[in-house]
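Taken one at a time, structure 1 and structure 2 that follow are two forms of one protein chain, written as structure tokens.
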Structure 1
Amino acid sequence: MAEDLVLDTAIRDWVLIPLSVVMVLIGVLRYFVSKLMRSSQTPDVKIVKEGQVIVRARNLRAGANFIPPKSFRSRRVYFSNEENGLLHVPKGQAQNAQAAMFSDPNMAMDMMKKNLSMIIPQTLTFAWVNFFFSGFVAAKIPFPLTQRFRSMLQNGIDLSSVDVSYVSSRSWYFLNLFGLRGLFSLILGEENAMDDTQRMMQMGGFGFDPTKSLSAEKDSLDIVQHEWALPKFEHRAEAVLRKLVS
């Protein structure tokens, strides 16, 4: 049977709250540091144009049922025509995103700066947490959990008799590291609130490849099943008017 613990209020005041505040401040500071380190460069006109084409195609898919079938078919041909469609990428013209990154030193430098601005603060913060706060039971989840969550919530505590709902200080650090996106969206704005999970996923990438996005959007547009919604609106309006008249 799992053992229940009584958490000291001093742990809340000197471990839980300071650790949470420090993680928020480090996230905000890292954002402004990465913004200062970002090199100002003129965006490529071709990439901007292709991005706008993708946005227009997505808007067409989203509002496809609100335009007549003939208009939708003409717009789909305009985007996905095999000869001169905006989303069609001829063979042999596909760009290699990795080669494009290495051909542009500014892009490679920006990626290196972003990675350093993420790795260095995380390394120092984890060393600080591991040195000062290792071994503490910092909090308790207010609902029961299965044993599969023990390795995630009780990192640094090797006691199988402790209930799974208790959270160690080291695990609280990781929970804050990957779960503060909502708070950063309030502080920095939705566009600037990329959490560390997404940053780690982008570390393995080699830049943005617009040709793949164009091809994917073309395939998505080709499989759209158009169903005009206006006749349904007319029938509903007619039914409502008949009820009012009768």
Structure 2
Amino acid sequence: MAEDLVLDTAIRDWVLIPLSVVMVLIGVLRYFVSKLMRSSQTPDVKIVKEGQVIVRARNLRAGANFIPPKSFRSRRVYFSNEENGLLHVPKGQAQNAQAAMFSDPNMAMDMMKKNLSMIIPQTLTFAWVNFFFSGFVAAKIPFPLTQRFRSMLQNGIDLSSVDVSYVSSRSWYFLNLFGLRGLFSLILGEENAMDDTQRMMQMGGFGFDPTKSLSAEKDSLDIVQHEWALPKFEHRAEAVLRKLVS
């Protein structure tokens, strides 16, 4: 690049570094604020029960091959028979549960809190960046890009003659926003990253229906091919012991 810009070191000291540091600190702050605001709601007995049943059924499915065929069959009937199996859902109940879920104000409240704790700091930081740092060429990415990226990387600078790899301060903010996720998962532990994905899941599955997962679990339990593994394990143990002895 012949037309290298000369950037003032003051921009580095007073724009690039403060901006990055503030982004990190705000991420940490947001983590702790959302931790404080998290309400510990008492879970509904019925929902917990259903969840536990699902976990038990899943365990049975995972460990199916380690119990004799008779035991497996009796357990499967216990879970999935049509009259009083644990995973069997009566027809009328399904709708009810969903309606109750929707009308529960606590849940909507909780979601809103989570979303707000996400959105408010972001808008505030964005406004702050706009107010203090608008219009700086703050950074230069060390690899060339095509013209398409101009609107992404030079947000806030309306010059078409500047090389695309120069980044404006506002775009540096966006780069930080996306790129710091990895750092947060390192310094705040896995919970932070987990939280984000969980939030996504909750957003997607607002009308989450526990009875549906019950019947799905029932179906997958019904199609399990049972094959007792323990006889083979005896052979294996014998082989291992023989190897030890000899």
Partner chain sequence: MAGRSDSGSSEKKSSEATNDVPTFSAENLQSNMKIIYYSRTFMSIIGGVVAGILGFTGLTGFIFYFLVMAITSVGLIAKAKFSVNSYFDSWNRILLDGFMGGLMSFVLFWTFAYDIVHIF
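Residue positions are counted from 1 along structure 1's sequence. If you superpose the two forms and keep the largest set of C-alpha atoms that fall within 1.5 Å, you have the rigid core. Everything numeric in this text was worked out from a predicted model, so none of it was measured.
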Which number goes with the form predicted in complex with the partner chain? 2
On a core-based superposition, does L180 travel 2 Å or more at its Cα between structures 1 and 2? no
Using a superposition on the rigid core, decide whether the Cα position of R76 changes by 2 angstroms or more between structures 1 and 2. yes
Rigid-core fit: what Cα movement does G63 have between structures 1 and 2, in Å to one decimal? 13.1
Keeping the rigid core fixed, work out how far the Cα of G51 travels between structures 1 and 2, to one decimal in Å. 7.6
